[in-house]
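A single chain, nothing else alongside it, follows as structure tokens in the form predicted on its own.
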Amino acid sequence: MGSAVAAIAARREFFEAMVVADYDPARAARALPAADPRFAAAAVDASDQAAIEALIAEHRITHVLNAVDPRFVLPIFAAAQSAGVDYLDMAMSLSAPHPTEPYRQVGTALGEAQFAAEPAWKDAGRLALVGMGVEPGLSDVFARYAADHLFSEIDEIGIRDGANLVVTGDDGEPIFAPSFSIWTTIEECLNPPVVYEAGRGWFTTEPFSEPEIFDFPADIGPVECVNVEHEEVLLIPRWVGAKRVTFKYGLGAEFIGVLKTLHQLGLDRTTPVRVGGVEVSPRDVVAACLPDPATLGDRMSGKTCAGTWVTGTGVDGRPREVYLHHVVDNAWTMAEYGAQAVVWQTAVNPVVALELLASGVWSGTGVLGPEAFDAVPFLDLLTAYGSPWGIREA
């Protein structure tokens, strides 16, 4: 993700310097754009708050963009807070299921630990912009735009994500290779999905519940989507009025089958097990056995679509249904940036947000989601980056 962020940012002039940090300094160095003195590489342990604070001080950092696994959200978040700088992330602090009714009640919600720190961020006059990727992120911006410009009353906001991406092996045949972190995919797909309803609040359901066929634009076509735990359901109702908020992901039968098998075998667990005298997390083993998603671009074809489906009453008082969407073609992202489509689509949005913060177009204090800000400047700038969005009326 860091290499895609750097590649996108390199074409813009809103910053003086950017430090790309990784546990492996060689990996950080490989992410740097060639011959651009604004970029530097550094080594840091994302689990070590003190080390992150030292890195912030050494380079006089003003904004920390967290582009790593959500397991490391809290130490990076806390380091930025302690150092007195602004913070952005693309995934929020992890959840924990309800101890007795995991498929009815919310336990520890996504981002709960971050929102608990909101008073301290606000008192310090600093901003933590959470969930600022594509989903969450752009999808939340779409929700804000719909509420402000398209609807007088919203019945449902449903995030719908689908793709027709195919990854092929050396023999040219399709292979199982997730286009995003399998660790995170297992986490969000096998945790109890969260749904929001006005008057009831947040509640949970069974994984892969409420299957539906959603027809995606740009020749992607119909894809079966199911409920998945995701940050938008926890973010959108805080700032946007809607009777119901859902998140459904177009996983497909094969992917769902693999995830169910991993769960049945206990390979989704994060608690280490002892193997030959060594303790190892089963989920880490699964992640290590699959190819790095960032390296799949040359073997990937197709398009990915992130979007927000909204129903309700339009500003003219008539029933309205729209799908605000952002489609990215892997062939284009590889040709333009050398990054596969899902990685690029996630990375472009925090860069757009950073530019809006640097220019003062977006500003705020506390722990805020993307829907807390005016959507129009963001969508205009995203288009200026060469990646337009669209609206489909029902």
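Throughout, we count residues from 1 along the sequence that is shown. Fair warning: this is a prediction, and the values are worked out from it, not measured in the lab.
Form predicted together with a further copy of the same chain: not shown, discussed below.
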Interface residue in the model of the complex among Ile213, Ala253, Leu265, Ala116, criterion: non-hydrogen atom within 4.5 angstroms of a further copy of the same chain: Leu265
The unique member of Val258, Val167, Ile154, Ile220 whose heavy atoms fall within 4.5 Å of a further copy of the same chain in the model of the complex: Val258
4.5 angstroms heavy atom contact with a further copy of the same chain in the model of the complex for Tyr103: no
Partner proximity in the model of the complex: Phe176 to a further copy of the same chain, non-hydrogen atom cutoff 4.5 Å: yes
Distance check, Asp284 to a further copy of the same chain in the model of the complex, heavy atom within 4.5 Å: yes
Contact label in the model of the complex: Arg274 to a further copy of the same chain, heavy atom within 4.5 Å: yes
Among 313-321, 69-77, 287-295, 240-248, the region lying within 4.5 Å of a further copy of the same chain in the model of the complex by heavy atom distance: 287-295
